[in-house]
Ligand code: ATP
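Given next, in structure tokens, is a single chain: the form predicted on its own.
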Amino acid sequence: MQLDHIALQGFRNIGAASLDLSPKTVALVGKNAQGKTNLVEAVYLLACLKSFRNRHWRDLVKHGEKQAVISAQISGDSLPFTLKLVLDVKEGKSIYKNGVKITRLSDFLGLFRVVLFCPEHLSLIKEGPAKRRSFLDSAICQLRPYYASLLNECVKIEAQRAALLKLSRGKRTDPALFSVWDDRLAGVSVKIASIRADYVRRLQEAAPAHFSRISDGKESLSLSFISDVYREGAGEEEMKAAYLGLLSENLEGDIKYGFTGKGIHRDDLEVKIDSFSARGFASQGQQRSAVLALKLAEGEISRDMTGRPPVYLLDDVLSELDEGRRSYILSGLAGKQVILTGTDKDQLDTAHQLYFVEGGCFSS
């Protein structure tokens, strides 16, 4: 998969820009706050339809403009195609493939795939489970487009169950009132947890080798999936029945606190280095090596499941790594399309294409 051309209008601080991109390494060089990350963000939006920096998409529209437009020409698995994303302050978001509007998210996700690596990801290991769930979900959504609809459905069901829990507080409650919502919640939760577990298995197959090479074979990495819902070796119906039992056991506590205490919202990717928790015991260098291994594994899985590698986005991450880790990640991405940003031209001198960025303008 390759991004051949991208054009932006009214996006962040970019009034208008049009860039032809090398199929190899593209470097964006400039001082901070000039627009480098804005371009990376635009590319990420074309793959995931969400920003990795801002929760409110209206903030992506340049001040004083009514809309932002991102257009791209992409070489995919078959014929080249175009993607266009319009962010209109009044009308909302619109997506087009080859000029035809896409109305379902599942028809959009997976058309264009990326692997993003930014400085915030370096804290993936030491932060809480929510960050690691987000890492899993973002990667999976690009590979299994229907997965996003499962996540949305689960959020809605949990909200309905939470509302019923709050109404039941302080009252004698018939557990049968929850049976419909519990059954629906269990059904979708088992599907989500099973997909996450499968993805973690794929990570476990790919990531340890990268970690071993980064550490010169001195340390080992292992990954496991922690879940209230998923049970290794069990079928969907067995897992569903077990989770329904867990919901029943915890109903009194759920009513007391007004939310569902057990579920996929507690899932976690456990990372261990030499059999010790990376979150609790690993050094900063070890944690960064683990994140590098996870990100490179993410790209491998994307390639293996689709037949073509994704586009790699490295946003100002090289400056955060030492020389050894920097060299390893660049050598691991050789021959793939990589868009990377930085302030130091010397660190990016191996790029096949160089753009200088200043005030939202791009020059070669």
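Quick note: we count residues from 1 along the sequence shown, nothing fancier. Since we're looking at a predicted model, the values are computed, not measured.
Below, we turn to the form predicted together with adenosine-5'-triphosphate (ATP), even though it does not appear here.
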* Structure fact -> If we test each of V338, L45, L318, V61 for a heavy atom within 4.5 Å of adenosine-5'-triphosphate (ATP) in the predicted bound form, the one that passes is V61
* Structure fact -> Per contact check vs adenosine-5'-triphosphate (ATP) in the predicted bound form (non-hydrogen atom within 4.5 angstroms), the hit among 321-329, 52-60, 306-314, 293-301 is 52-60
* Even though adenosine-5'-triphosphate (ATP) is not shown here, does A33 get within 4.5 Å of it in the predicted bound form, heavy atoms only? -> yes
* To do: May I ask you to check whether N13 falls inside a 4.5 Å heavy atom distance of adenosine-5'-triphosphate (ATP) in the predicted bound form?
  => yes
* Asked: Does adenosine-5'-triphosphate (ATP) come within 4.5 Å of any heavy atom of T343 in the predicted bound form?
  -> yes
